[in-house]
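Take a look at this single chain, the form predicted on its own, given in structure tokens.
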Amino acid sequence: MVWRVIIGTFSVVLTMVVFGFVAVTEQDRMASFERAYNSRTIEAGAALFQNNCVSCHGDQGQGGAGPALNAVDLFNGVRLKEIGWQGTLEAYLRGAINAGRPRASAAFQNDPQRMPAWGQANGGPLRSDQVESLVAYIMNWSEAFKDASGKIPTATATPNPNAVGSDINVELPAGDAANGQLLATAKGCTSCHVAAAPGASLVGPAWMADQSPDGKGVGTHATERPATAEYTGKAASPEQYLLESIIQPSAFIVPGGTTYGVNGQSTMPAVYPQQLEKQEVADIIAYLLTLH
């Protein structure tokens, strides 16, 4: 009888110790589970972004044919304030991915393309959990902009001293055509200037000879066009012609395309003077000059 009491008491004490240990460690266990879950969600979002978003927003969200998503003005609230959004950034991203963006950002107002609906509820291909993964992946970029206190400064960012700027007389370094070809895809250029399939429509003038109405590639156009009567820009060389088309797209709008310009303004985004660095532009131009 005494041994039963002792064993029973020991069992009760042991049970209390076990439950106490679980209670003490539960918070850490749940935090560890949440970190692992968030990591998996971000990884899934990264894969979805690479498969669906890079052609417009760039391989690292730096922007291209569409607005930059890996940008301080998105995470510090400046961009949302400009458009009058009153909700959270997560809600904004979720809505934009799910239902698309019928209203273009300021720098893309002449672009005839709009962000399509990606959520299945709105006719798109992505499930709700995939949309949430994309939101998590984009939000993860905000960590790089936080200061020591964990906040994202609202002050205007210091201009990039290596940005190409908007002067077509700027001196560029020697270009690397091979890297320029990679950049053209990463920056979203090919999504507008290179047809993905035979007969597919283009948003901007064709780069490839077999997709161009006159059978000439952009390298040939850059060489010949500055000397023609139709040209209204100020370029004096093929390199300068291509530079002008990137950083001053409205200086000369290629005729023949109904989507190339609206009321004298090019539909090409006016973001590249600050978004692209001199070396990047030099590389892209070197690549374009190989396309005849």
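Each residue number is its position in the shown sequence, starting from 1. Here the structure is a predicted model, which means the values were calculated and not measured. Just so we're on the same page, rigid core means the largest C-alpha set that superposes within 1.5 Å between forms.
Although not depicted, the form predicted in complex with heme C is the subject of the following passage.
- Contact between residue 121 and heme C in the predicted complex is not found at the 4.5 Å heavy atom cutoff.
- Contact check for residue 266: a heavy atom falls within 4.5 Å of heme C in the predicted complex.
- Under a 4.5 angstroms non-hydrogen atom cutoff, heme C in the predicted complex has residue 259 among its neighbouring residues.
- A residue is said to contact a partner when one of its heavy atoms sits within 4.5 Å of a partner heavy atom; residue 168 fails this definition for heme C in the predicted complex, lying far away.
- In the predicted complex, every residue of the candidate spot (69, 83 and 225) has a heavy atom lying within 4.5 Å of heme C.
- Residues of 268 to 292 that come within 4.5 Å of heme C in the predicted complex, judged by any heavy atom, are 268, 269, 272, 276, 284, 288 in sequence order.
- For residue 54, a C-alpha deviation of 2 angstroms or more is recorded between this form and the one not shown after rigid-core alignment.
- Once the rigid core is overlaid between this form and the one not shown, residue 212 does not reach a Cα shift of 2 Å, moving by less than that.
- Core-superposed comparison between this form and the one not shown: the CA of residue 91 exceeds or equals a 2 Å shift.
- The gap between the Cα atoms of residue 58 and residue 197 is smaller in the predicted complex, by no less than 3 Å, than in this form.
- Compared with the form shown here, the Cα atoms of residue 197 and residue 62 sit 3 Å or more closer together in the predicted complex.
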